[in-house]
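One chain follows as structure tokens, the form predicted on its own.
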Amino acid sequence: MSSLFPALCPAPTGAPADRPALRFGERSLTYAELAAAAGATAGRIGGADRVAVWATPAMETAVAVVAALLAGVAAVPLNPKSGDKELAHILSDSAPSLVLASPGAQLPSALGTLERVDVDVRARGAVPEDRAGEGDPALVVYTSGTTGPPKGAVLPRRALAATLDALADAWRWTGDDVLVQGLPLFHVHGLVLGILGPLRRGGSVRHLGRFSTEGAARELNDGATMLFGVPTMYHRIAETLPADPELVKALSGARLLVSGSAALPVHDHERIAAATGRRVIERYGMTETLMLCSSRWTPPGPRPGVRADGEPRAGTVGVPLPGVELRLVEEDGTPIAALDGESVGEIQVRGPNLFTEYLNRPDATAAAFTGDGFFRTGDMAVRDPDGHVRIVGRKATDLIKSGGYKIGAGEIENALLEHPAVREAAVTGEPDPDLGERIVAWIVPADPAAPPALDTLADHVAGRLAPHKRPRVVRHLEALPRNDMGKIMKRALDHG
């Protein structure tokens, strides 16, 4: 029996044996079949310290990670799109004893020295006795490495359980829910929330392999209740809704729409809500912390007695989840007590959902925490009077100090996206001899033949926010650089 997956125990303790657990395309596994397949793989890797998982969007990836957790072995998900240099670093750093993969998957030469175990989803074995402690490593997930080689964040089993149980409380997530997603499985969003989350609850997940609005509509109209996505996916949904009644029907009937991994622009929130009557819930977290905040789900219709934190609100990520201590601090570490929606500070957090260390990096681990045990997220935010958190950007790239003001890039980006001539927007700062930094708007025009002028956008922002938040420079692009999760890579923007 596994404390992480009580649903994999025999009924009546766990989920009914014939309940669907995983579905990838036309392939599916019931809970009985998943327990048997994962149990068989767990039996082959038991005793290992760490194992790598070639994390393609396939059934075998899910079975491999579940098997590792059942065996008490830490899994290292590998991004199949990683280059040889990055893979070599991760393998050298994490030192897995073998790699789990789908049969027939072509592995790069960087993995050639590792023993390979092909995951057979038809195999049958017993679920091993759970002997792992809550502090034992569950996953080693490598960060994006924006300031150097990727660092391996060691996530203990306690962090997985704490996050998934807190989200179950916030979202009323149960075994009756059926989740649709098309997220990568080497990242905590798609893997921890999108695969392990349903399995911990005893529910089902249908993975699309690759996201499409058609696939999401099909599954939601066929009994699925929840959709997880990133802003680029919801942007495509918002663009498609006016001409797709099936998609409108699908989202209107969904119990829960969740966006994460980056801020969802307010104008996409509003377009989806206007078309479907459903508001997208945003949650906030990162690799090292798993989930920190979320709006709470409440059923549609009259809701007498709903708490103040119950309604999702565009532009916010809700309130701290149960068990999460969250504070905003000034640059010198002084806590910010004001709930005024204006005072910008760095988010610091403490709780059972945090990682334990950066693998083999005691220096980086020590630097990441304060003396009283709070993790320095590097994210900047304000808190509204009701406690809702609004992320305004990253400390390193999104905090602009201009004319004596601390300005978050995120709120300017949202304002720019409300202009009809703007398709995509990013905001950065660059040195200015008078202001310290000037605000630069990077714009993908809605009509490339008629890009919006600086004065037009500056007046638009000043009218919605404040004059000191208006862009001083506008640069037009054909597309913004993004990573696999849809996040804009601002360091790739050329200020020359």
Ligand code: MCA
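This one's a predicted model, so the numbers in the text were calculated from it and none came from an experiment. We number the residues from 1 along the sequence you see.
The form predicted together with this ligand is left out here; the points below concern that form.
> Though this ligand is not shown, can you say which of Ala409, Leu321, Val119, Val230 has a heavy atom within 4.5 Å of it in the predicted complex?
The residue in contact is Val230.
> Looking at Arg236, Arg361, Arg279, Lys249, which is the one with a non-hydrogen atom within 4.5 Å of this ligand in the predicted complex?
So the residue touching this ligand in the predicted complex, by this definition, is Arg236.
> State yes or no: in the predicted complex, is some non-hydrogen atom of Arg470 no more than 4.5 angstroms from a non-hydrogen atom of this ligand?
Output for Arg470 is yes: heavy atoms within 4.5 Å of this ligand.
> Is there a non-hydrogen atom of Arg131 within 4.5 angstroms of a non-hydrogen atom of this ligand in the predicted complex?
Because no heavy atom of Arg131 falls inside 4.5 Å of this ligand in the predicted complex, the answer is no.
> Quick one: is Ala71 in contact with this ligand in the predicted complex, heavy atoms, 4.5 Å cut-off?
Answer no; every heavy atom of Ala71 is more than 4.5 Å from this ligand in the predicted complex.
> Would Lys401 count as a contact of this ligand in the predicted complex, using a 4.5 angstroms cut-off between non-hydrogen atoms?
Within the cut-off, so yes.
> Would you point out which of 105-113, 409-417, 363-371, 188-196 contains residues with a non-hydrogen atom within 4.5 Å of this ligand in the predicted complex?
Single hit among the candidates: 188-196.
> Even though the chain is shown alone, can you say which residues of 170-187 have a heavy atom within 4.5 Å of this ligand in the predicted complex?
Counting only heavy atoms within 4.5 Å of this ligand in the predicted complex, the contacting residues of 170-187 are Leu183, Pro184, His187.
> Using the form shown as baseline, tell whether Arg279 and Leu465 are closer or farther in Cα-Cα distance in the predicted complex, where the change reaches 3 Å or more.
Pair moves farther apart in the predicted complex.
> In the predicted complex, the Cα separation between Ala462 and Thr232 changes by 3 Å or more relative to the shown form; did it shrink or grow?
They are closer; the C-alpha distance drops by 3 Å or more in the predicted complex.
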